[in-house]
Each structure stands twice: as structure tokens, then as C-alpha cells.
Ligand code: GTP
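Below, in C-alpha cells: the form predicted alone, a single chain.
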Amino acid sequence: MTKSTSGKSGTANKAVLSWVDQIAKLCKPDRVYWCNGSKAERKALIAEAVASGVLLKLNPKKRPGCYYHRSNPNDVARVEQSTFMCSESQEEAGPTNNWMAPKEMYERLYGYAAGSMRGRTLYVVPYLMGPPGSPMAKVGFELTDSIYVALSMGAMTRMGDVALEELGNREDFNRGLHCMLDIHPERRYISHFPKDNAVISVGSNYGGNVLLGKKCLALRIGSCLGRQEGWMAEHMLILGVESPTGEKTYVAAAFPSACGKTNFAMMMPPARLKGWRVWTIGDDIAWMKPGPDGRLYAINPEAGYFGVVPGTNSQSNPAAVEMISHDTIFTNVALTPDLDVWWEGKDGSPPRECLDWKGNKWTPDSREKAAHPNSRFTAPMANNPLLAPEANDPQGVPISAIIFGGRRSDTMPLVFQAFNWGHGVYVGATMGSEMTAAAVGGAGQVRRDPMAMLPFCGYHMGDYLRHWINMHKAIKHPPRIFHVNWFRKDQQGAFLWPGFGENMRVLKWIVDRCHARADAEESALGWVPKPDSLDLAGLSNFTPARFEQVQAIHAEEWRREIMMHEELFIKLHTRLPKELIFQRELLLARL
């Protein structure tokens, strides 16, 4: 099969062994290595990555256990134009996904993969998405020729023997193949085969394209499985809010990439709200399923964080600053002469000189940024000082509130609550956000991003919205649905709301609404807080006039907004749920 095999397979599962053997014969690696997930193995793999120049060891006094990685400059973000859903028919994939017939895509990708691992090692990475023993957990295997991917999957998932034990002799595992090839954009494909529960990624080594447990299995394939099996795979953080009396309320929130998900999931409440605490369960993905008590339960299928670095500091996310101070892989940030890392928005003054993310000399006078706007940290969730004990609960946590929120400089108020589940689905379906560096394309343009799932839904978006509406029947006590916007600006371009830890004031109102403790008044958009029901005490310079400004609903802006809703609805019209058209008419009538 190959020149040598190392690392014991650890499994007698015939389906797994046969598939690995098939891929090894196709790709022809010099060596096949089975990852077991042990600490000793991680230490050995890191030493191998350092020796080969894939990783650089950072200053152990400043960043113990931390390493630096620099990717190809043409490979720094998700590439939606190269991402395909290879369902049986194009209609099933829908108008918002790229599609190719499965047979044609398999032939193309197997052609690229053939012999592509000569001179390389094939790492077999078994991984578990979700806590061991969870009825929602799923097992996947990623076969990759990238040691960076193997190490990153070790941080991001429950990797190794734990996954083999969970799978046993079953054959329902995700089959993932990743071949770096020569990292050429013309040979870059991230392809999903829902019928086969399979993913093939070639021509990239950027995390969002190659950590196949993350967006690929957890969302694109996961959304297809959820629709078939009666659960929801969502691009959402999960957090627990603890009140001064010890009461815990669990919240899921969907924000598009680089809109503050990680900051919100690790929020430090302001001193004014004494006794309130936020606990992180997950910062990116939620798998949610109706429980026997009629509530919606959620798990975070991941075991680590793959977060955007720029802007991370002691004001925006003090917990993340502590979390990435040790045992973290940094990708595409700047490198200082004393082997520390730097990025725009980091605490302290910029270095007088450093190497930028491309390896070029950089000074504060340089025109280009030192760190790529989409540079990343990869850290295990055990690093998080705010990690909730419930993060490892196999049953998950009951969700009381679902929050939607994009990056909007106008139109959208700070917070409002949907009138009911159907209205909430409309609010999520029509969510818009100004684009960011996490996706290749024009930053700053507003695009519709239903439930923050537009790049990640594995089937027709109209059917996805229908699935959301139908889930209400299976949830006797559905979560209340809210919308937030931290990014509204005044006429001078300054943010109206301070954000960061002060977002706890809005979250407190949301929690209190879930427990029928806070007042609200009706508006055209939904229920909004009365001026005195949102705790604004101690918030300097936040006058009643400013509150009115951040909550303002301008009819003309909203008429334009509804016209933009229509653009998405037209695209989905063949399968758009009628309920959403009714909600649009109701909103127009209220305005």
C-alpha cells in the first residue's frame, strides 16, 4: 500500500480500514500515520512541524506552548466561489450554493488527489464532534497531508482514540479527505457530498477550508443531517448567563463571521452589573435538538476556538487575551524580533519593527497591515477561563433565547424582540450584515445572510427556512427570538453603543424578558425596551437622547430595507415558505 505505516490504527472497524486503504492507494503517501490524540503524540507532531518549518516556536517566556504559522498569501480566507454542494440535483443544492454533479466532482478531485502525497505523510485524524456519549455527537475522519491540519484538528475537536471508541463498528462516520496539492487557487475545491456524508478539500491549507470538522461537517453536512433527523445545525455561539442569585439561562446567538461572536461568547460584564457572569459553551457552532421536556437543547460540537485575532485586546475580550497567552497556534499575524506576536488592535504600542504576515519587514510607517485582517488563533477550549462546566454535558443545555445580529451602521436598532416564533424566523431570514475579511469579496457591502448560514447551509435555503418554521411543532416551549446590532453609527461615523462588556446590559434585558421580569413596548419591528427597563446606570455620556438614537426606527430606511429583503425572496421564490411572505406584509402594514 505505502512505503511505511506508523501509529497504530486503534480500530478494527472494517469500513474505516477499507476506506483509509483506498485513499492511501489513491494518494500514494510515503507514510500513513494514525493519530491517537495523546499529549505525547502532540508533542512529537509539534517537534516535527517545527523541524520542517511549518511552525515556529514562539518565545516560551512570553508565549509558553505557542507556535507561529504563516500560510500562502493566496490562501488566507474561506473561498465561497470554490465551495460546492454536490447533492444529487442542482435544485436540491439551491440557488445560493455552487453545485456540480457528484460523479463529475469525484472524478475531478480524485484526479487531483492521485499520487498527490508522494514524499509526504498521510495523517489519519479520527475526531468526535460533541461530548462523548452525547446523542447528538458525530464521528468523522480527516485524511490529510498537512501536519498543520492534524495539529489544528487536535485542538479543535476531541481527536484520536475517543472518536474510535465512540464509533465502534458503526459505518456512519464522515469521510473527509484533504490534499494540499500546490496551494494553487485554480485547483482549490471544498466539496461536500451530503448523500455520502463525505467532504473532499484540495488546494488549500487555510483553516476554514481544511479543518473538515468545522464548517464542512458541523454546518454544511450537519445541516443536511439535521433536516433528515429532526435537529438543527446552526452557525451560533452558546453561552450561559448566571445572575447574582445563581440562576443560569442559556442563550444561542447567530452573528456572521467577524461580527463579535467570540467576544460575545466570552463577555466580561461591567462592574456596574455586580454578580452577573457569562460562561462560554461555544463560540461558533450549535447543534440543537428538541428534548423530552419540550425545550430546545444545544451542544457545542467543537472542543476549541479558531478565532479572528485583530482587535483582540483587554477591552474587547480579556478572556481571549488570557486564553491565547499559552498553548495556541497563531496564523498570519506579525512576528516581533523577540519571537512574540503582534496584530492591529493588540494592547500596547506597535513594535518599532517586525515581520508582517507575509514575512516582510514592517514598521508603523508601512502602508499595509502587519497582521492579515483574517489572521487567526487556534486554541483548545480548556484554555478559556470562562469555560462553562456544561460545555461537556452530553445532553446539552436548554436554550431560552436565540439572538440574531449583523454588522449594520444604520437602520437596525440596538435590540428588539420578535413577537413570536414565525416572526423570529423572518427576522433571522432577513438578517443583513456588512461583509468582512473572513470571506473573500468586497468588504463593507451589505449582504443578506439568513441566520448567518448563507455560506454554510448544505441545501436549498428555502427548504432550510421551512425546516426552521417546522421545528416549532417539535418544541413545546420554544426559545424567544431577539435581534441586536452593536454597530450602529451616528452622522459623524462614531459608534453609538460602546459594545464589548457593556453588551451585558442588553443581554440582561433579554434574559429578564425570558423570565418575564422586564418591561417592553410594542414597535413596528417587535418588542423594544422602555428607556428605563434597560439598565444604563453608570454608562458615561449615554444620554436619553443617545438611547433614542440607537433605538430609532426610521420608516424610510425600513422601506428600503424591505425592498432588499425582496431580493433574497425572489432568489428563493420556488421554495420560499409562504409564512415569510405574510410576515413581510405584516411588517409593511405596521410601518
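Start at 1 and count along the sequence shown; that's the residue number. Source: prediction; values computed, not measured.
Quick note: we don't show the form predicted together with ligand GTP, though the next part is all about it.
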Report task. Spot the stretch among 361-369, 223-231, 498-506, 474-482 with residues whose non-hydrogen atoms come within 4.5 Å of ligand GTP in the predicted bound form. Result -> 498-506
Query - Within 4.5 Å of ligand GTP in the predicted bound form, all of 138, 175 and 300 (non-hydrogen atom) - result: no
Requested in this report: Please check if residue 310 has a heavy atom lying within 4.5 Å of any heavy atom of ligand GTP in the predicted bound form.
Outcome: yes
Query raised in the report: Given that the partner is absent here, does residue 260 sit within 4.5 Å of ligand GTP in the predicted bound form, heavy atoms only?
Result: yes
Query - Residue contact check: residue 166 to ligand GTP in the predicted bound form, 4.5 Å heavy atom - result: no
Query raised in the report: Hey, in the predicted bound form, does residue 130 get a heavy atom within 4.5 angstroms of ligand GTP?
Result: no
Report summary line: Checking 424, 94, 282, 256 against ligand GTP in the predicted bound form, the residue with a non-hydrogen atom inside 4.5 angstroms turns out to be 256
Query raised in the report: Given that ligand GTP is left out here, which of 148, 306, 250, 459 has a heavy atom within 4.5 Å of it in the predicted bound form?
Result: 306
Query raised in the report: From first to last in sequence, which residues of 358-376 have any non-hydrogen atom within 4.5 angstroms of ligand GTP in the predicted bound form?
Result: 376
